[in-house]
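Listed next as structure tokens is one chain, alone, in the form predicted on its own.
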Amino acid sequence: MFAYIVRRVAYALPILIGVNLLTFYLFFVVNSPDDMARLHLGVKRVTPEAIDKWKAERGYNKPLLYNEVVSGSAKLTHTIFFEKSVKLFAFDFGHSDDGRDISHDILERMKPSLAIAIPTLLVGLLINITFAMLMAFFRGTYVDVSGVVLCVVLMSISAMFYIIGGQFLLGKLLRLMPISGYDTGLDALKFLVLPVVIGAISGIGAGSRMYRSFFLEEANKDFVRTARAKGLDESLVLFRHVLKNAMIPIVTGVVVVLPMLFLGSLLLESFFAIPGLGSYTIDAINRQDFAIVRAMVFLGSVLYIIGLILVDIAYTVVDPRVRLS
């Protein structure tokens, strides 16, 4: 098992390095520090002095890759590449363009994002798997057909409709919970219920339909037909054989949303005024704060790779034969 994990981590490192190099190229080669200064200053005829001052304040006035005016190792370390890209591997995100500590902001805003994402993920998984198993159990009947039609309808509705409709119905008309805002401690619960409910409901259509296909695929395999031929109850076959073997593709689907556990949901946090990492990223884009955007891109890549490794480990638990591949 240990050798398997080490091998997967070794496979992931080149991907992370490639993402880092691509991000550096996009932010500092395609879009030079001079271009960032002009965009940030927001004036048509900005003076060279203002550009130089803006770059000096943010450490963008150094050479990109190689510093010829210094000696020793400083030729490589006193560069934009080392200070803005290499340090990301040590999770040194530096400071935002307005001087705030990005690492501190991430730690503070991670809590609201997790408070939304974890319940949404768990509740969504429970609802989707239960609904999908119900359709698979009554496959070919009106229950299955009606469920598929409902899933297609739910998939066809935009996420914006769920958010605005939920705010209007549950927040404004029924006044069951606040429309937006956030608080600390237990008082935050009343602000989290509505986005969690909307987040779970908006994913029912796609999730349940996908899991249903997984269950039906497993239900038609030879070992399941053998189990039925031996006289096992259909519900026992569904839980003991079909559900267990369908967990591999289900776990694969979960990895897509794992980065959201930390990065938050851009739409939900923005519309519900929750100070998480999703709204943090949106605000940085609106303010043209390139340091925060770079940090969030790198952090998202790290979390996605960690998710892939966790999925590989989960594969070995669900199906030990995976270790041999």
Partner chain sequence: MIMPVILWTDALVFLLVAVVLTFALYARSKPHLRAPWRHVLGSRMASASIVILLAYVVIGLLDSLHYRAPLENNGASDEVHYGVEVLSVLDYLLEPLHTRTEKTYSAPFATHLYTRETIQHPDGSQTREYPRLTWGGRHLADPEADFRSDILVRVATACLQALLLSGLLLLLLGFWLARRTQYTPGHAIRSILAGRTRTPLRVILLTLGLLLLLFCLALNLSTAYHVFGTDKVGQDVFYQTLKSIRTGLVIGTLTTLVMLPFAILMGILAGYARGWIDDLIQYIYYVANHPEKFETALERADIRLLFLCIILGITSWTGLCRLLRGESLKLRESEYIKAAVALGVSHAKVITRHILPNVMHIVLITVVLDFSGLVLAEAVLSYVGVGVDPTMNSWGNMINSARLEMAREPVVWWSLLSAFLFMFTLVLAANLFSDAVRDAFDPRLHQR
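Residue numbers count along the first chain shown, from 1. Keep in mind the model is a prediction, meaning the values are calculated, not measured.
One more form of this protein should be noted, the form predicted together with its partner chain, which is absent from this view; the next part is about it.
Put simply, Asn286 is close to its partner chain in the model of the complex: some heavy atom of it is within 4.5 Å. For the chain shown alone, Ala37 is not a contact residue for its partner chain in the model of the complex, no non-hydrogen atom being within 4.5 angstroms. Contact check for Asp144: no non-hydrogen atom falls within 4.5 Å of its partner chain in the model of the complex. Using a 4.5 Å cutoff between non-hydrogen atoms, Arg209 counts as a contact of its partner chain in the model of the complex. With the partner omitted from this view, the residue of Met155, Leu170, Val224, Leu125 that lies near its partner chain in the model of the complex is Met155 [heavy atom within 4.5 Å]. No member of the trio Phe2, Ser96 and Glu108 reaches its partner chain in the model of the complex with any non-hydrogen atom inside 4.5 Å. Heavy atoms within 4.5 Å of its partner chain in the model of the complex are found in one stretch of 82 to 90, 156 to 164, 226 to 234, 111 to 119, which is 156 to 164. Residues of 197 to 221 lying near its partner chain in the model of the complex, listed in sequence order, are Arg209, Glu217, Asn220, the criterion being any heavy atom within 4.5 Å.
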